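Each of the two blocks below gives one form of the same protein chain as structure tokens; they are labelled structure 1 and structure 2.
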Structure 1
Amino acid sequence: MSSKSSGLLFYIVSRILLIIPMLLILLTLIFIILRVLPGDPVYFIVSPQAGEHIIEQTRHELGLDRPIWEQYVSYLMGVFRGDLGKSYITKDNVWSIIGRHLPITIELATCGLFVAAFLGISFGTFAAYKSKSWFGVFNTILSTIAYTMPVFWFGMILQILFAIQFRVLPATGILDTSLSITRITGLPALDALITGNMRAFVDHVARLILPSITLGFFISGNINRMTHSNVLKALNEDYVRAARARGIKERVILFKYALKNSLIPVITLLGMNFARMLSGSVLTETVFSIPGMGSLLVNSIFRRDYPLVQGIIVVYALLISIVTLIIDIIYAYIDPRIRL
């Protein structure tokens, strides 16, 4: 094995091993925070008027009458065995509950990522090309607004405009109550296409537009700034001046020379923003009543469903860690200095 390959392998293994203490710290914090928050999960299952005997029996069944340290050790052992436990409320396995909601969040995040890429790259590129015009100033304001605007507020504005005022798009949900989609992959749009249910597909896509724009606009500010900066720098490089001197069309120079050579860090930034997509989906799904991981997390917190909240956080952390690891590996492969 060459020194280059062994160095890259060592870097990958070290990054994977770092995920373990990160998960351990995160799980510990979530475990403590949930039990410090006011509210007894038992009272979300049985009524306070049910009687002390039933309340204590329920607490015993849930294992909440055991010492905190014993609950903590038992939970950690379960996590490292791949067992996230059962929901206090529904009694369903946490993995199965997450499996029903995760594909919806992935679908929304993917659509939001495409919106963010389109808005950020197109506006950033054109603003770099027209940096000394009014559009350059407008783009600076737009990217700042996108970066600072609260997701929930922007989502509600879109609902008011397009769902209530103009009535051109649905305001909430993922499917009309009169329609249904046979579950195959868990991704509603893909399942509708596989089964040939075009009516449900069109309705679902229409309901994805507003939340995707909301989530994508939230991320596009960073992409816009990165694209603008890189393209502007590329347009001032010697090879671009040489291309202009050879009489190559400005359109070709902009897209083939400047933009193409600026996309690697932009694409990396899109991957790194996956974490922001997940955090943004919590508010977006709540505003648009989408039954994904975000709304599931909010409802689970309100109901003090400890196993479900902890399970969702574990899955979020694993997804973010995997995406970050892939980006780190790509960077280490491209730039050997990183793995030294």
Structure 2
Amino acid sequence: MSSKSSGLLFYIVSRILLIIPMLLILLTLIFIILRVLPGDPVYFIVSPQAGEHIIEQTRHELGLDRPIWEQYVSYLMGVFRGDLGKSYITKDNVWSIIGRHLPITIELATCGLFVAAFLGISFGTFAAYKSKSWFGVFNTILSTIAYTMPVFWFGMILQILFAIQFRVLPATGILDTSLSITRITGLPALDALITGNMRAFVDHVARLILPSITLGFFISGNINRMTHSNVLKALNEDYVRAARARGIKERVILFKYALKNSLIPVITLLGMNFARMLSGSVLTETVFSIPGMGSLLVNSIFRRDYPLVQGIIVVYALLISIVTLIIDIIYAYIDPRIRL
């Protein structure tokens, strides 16, 4: 094994090992914060007419009458066994609840990422190329709007225009109420394709368009700005001037020289934003009534469904760790100084 690849392997292993204490600290914090917060989950389960004995009995059934440290130890033991517990409200296994909601958010975040990458990189690059024209000014305004505009407001505008006014796209949900998709992988689009349910596939894809644009447009502001400044910087580098002097076509200079060299930090930013979209798509999910992880987390926090909130946080932490690890590995591979 070469020293380069063994160094990289060591780096990867150490990063994976670091995830364990990070998860432990996070879990402890979430566990404590949830219990310190005012609000008793029992009141979301028992009826308003329930007497004290029913309240106490429910508390006992949920194990909430045990000392906090005992609840903590038993929860941690469960987590190490891969058991995240059961939801207080639906009594369903936390893994299976997350398993139903996470693929929807992954699909939405992936589509949002494509929209963000397409809008951000294309507009940013072109604006850098035409920085002194009206398009440069327009792009600055556009990227600022994308960055600062409230997501829910933009989503509602798209909804009113395309779903209610022109009726060319659906307004809400992930599937028409008359259709259903047999669950195989959990990803609705993929499952519809596997089962050959083209009607459901088209319906589902159409339903992803407006939320993806909403989410992607918001993220594109960042990508646009970074692409713009990096391409602009690259276009003034000596190697670009040298290329121009050699008579290379402007299109080739822009895409092969300037853009290619500017893309690495942009891709990193896209990766980070993907992680952010996984956990931060709640507003988009609310506007478009998409049953993803964001709305699941918000609902479970409001209901003080401790096992579900903790489970979602663990999954988020794992996902974000994996995404950042992949980005770091790519970086480490490209730039050996990081491994030192």
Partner chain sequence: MSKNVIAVVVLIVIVGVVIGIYIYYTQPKPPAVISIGSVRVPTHLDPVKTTGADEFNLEFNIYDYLVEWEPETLNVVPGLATSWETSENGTVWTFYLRQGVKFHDGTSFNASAAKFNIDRYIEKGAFRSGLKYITNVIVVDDYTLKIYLSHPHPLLLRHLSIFIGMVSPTLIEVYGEDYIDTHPAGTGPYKVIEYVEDDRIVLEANKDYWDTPPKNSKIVLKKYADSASLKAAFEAGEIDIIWSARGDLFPTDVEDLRKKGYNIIESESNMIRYIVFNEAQYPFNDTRVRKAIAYAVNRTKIVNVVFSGQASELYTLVAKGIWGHLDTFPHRNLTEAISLLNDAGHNTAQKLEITLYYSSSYYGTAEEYVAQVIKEDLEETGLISVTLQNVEKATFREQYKAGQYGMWLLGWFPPIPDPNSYLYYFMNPIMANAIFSSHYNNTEADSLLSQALSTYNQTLRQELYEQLQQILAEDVPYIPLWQLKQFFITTDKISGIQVSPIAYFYFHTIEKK
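Heads up, when I say rigid core I mean the largest set of C-alphas that superpose within 1.5 Å between the two forms. All values reported here derive from a predicted model rather than from experimental measurement. Please note that residue numbering is based on structure 1, beginning with 1 at the start of its sequence.
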| property | result |
| --- | --- |
| Structure number, where the criterion is the form predicted in complex with the partner chain | 2 |
| Core fit, then D40 C-alpha moves 2 Å or more between structures 1 and 2 | yes |
| Large Cα shift (2 Å or above) at D83 between structures 1 and 2, core-fitted | yes |
| L27 C-alpha moves between structures 1 and 2 by 2 Å or more, core aligned | yes |
| Per-residue CA shift, I16 (Å; core superposed between structures 1 and 2) | 4.2 |
